[in-house]
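Let's start with one chain on its own, the form predicted alone, as structure tokens.
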Amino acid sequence: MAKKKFVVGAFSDEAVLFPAVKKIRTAGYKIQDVYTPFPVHGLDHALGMRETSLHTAGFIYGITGTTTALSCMSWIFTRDWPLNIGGKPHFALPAWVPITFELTVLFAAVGMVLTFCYLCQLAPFVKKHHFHVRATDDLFIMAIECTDKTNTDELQAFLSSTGATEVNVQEAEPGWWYGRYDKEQQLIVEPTAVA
């Protein structure tokens, strides 16, 4: 995967961050992401992100759990292994409500957790580039993706004028890759000369 160039700015306060995001988006730069030490209300709207569809996925997973529970129990108790339990009918829907509820909640919860991890690119042995050491401590970090036409010096000056306390240029892989943080990986092994 090819490395991309990013201009990274650090902001000390969210009151300075919001106007900076609006100015940078108005200037036409592409903000890769903003890393904050705590959730900031309204930042996703300021970045122009669409609303999450996680609740829709949860509904679909819940309906899948309900359908699975009802279809399995109806097939087992009416076709596969019909038992006469206290004279009750084979298709005893009121007796199946607890199991149906439990499978609905189970499918919705597990499905939403897995979907959330996929959307946020969270998984074991997967690493992303950290743009600043204090990104999850007390600074708000903005990473702006540079293209071939981007003048990095001009962008650094513009980012400093919007209130950034630290500005630098970094090269990083834009997505995630497999590996560990404690060991650097060399993707291409150079052949050694044999004497």
Partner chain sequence: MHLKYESQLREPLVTGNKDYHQVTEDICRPIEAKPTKLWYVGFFIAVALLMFGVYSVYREVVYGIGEWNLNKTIGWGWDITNFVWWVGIGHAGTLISAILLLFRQGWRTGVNRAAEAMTIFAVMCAGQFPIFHMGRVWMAFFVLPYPNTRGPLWVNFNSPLLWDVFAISTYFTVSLLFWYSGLLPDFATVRDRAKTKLRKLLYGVAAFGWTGSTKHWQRHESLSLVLAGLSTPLVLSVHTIVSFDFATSVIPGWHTTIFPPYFVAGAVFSGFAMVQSLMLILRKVFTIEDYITVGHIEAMNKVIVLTGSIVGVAYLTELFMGWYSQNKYEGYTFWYSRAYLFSPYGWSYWGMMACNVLSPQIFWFRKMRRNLFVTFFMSIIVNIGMWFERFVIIVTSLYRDYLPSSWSVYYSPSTWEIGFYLGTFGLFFTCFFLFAKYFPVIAIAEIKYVLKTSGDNYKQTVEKEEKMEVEEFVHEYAHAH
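Positions refer to the first chain, counted from 1. For clarity, every value in this text was computed on a predicted model and none was experimentally measured.
What follows is about the form predicted in complex with the partner chain, which we do not show.
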{"query": "4.5 Å heavy atom contact, residue 33 and the partner chain in the predicted complex", "finding": "yes"}
{"query": "Close approach of residue 55 to the partner chain in the predicted complex, 4.5 Å, heavy atom", "finding": "yes"}
{"query": "Exercise: residue 170 in contact with the partner chain in the predicted complex, heavy atom 4.5 Å", "finding": "no"}
{"query": "Touches the partner chain in the predicted complex: residue 67 (any heavy atom, 4.5 Å)", "finding": "no"}
{"query": "Segment assignment from 162 to 170, 131 to 139, 22 to 30, 146 to 154: heavy atom within 4.5 Å of the partner chain in the predicted complex", "finding": "131 to 139"}
{"query": "Residues from 60 to 91 in contact with the partner chain (non-hydrogen atom within 4.5 Å) in the predicted complex", "finding": "73, 75, 76, 77, 80, 81, 85"}
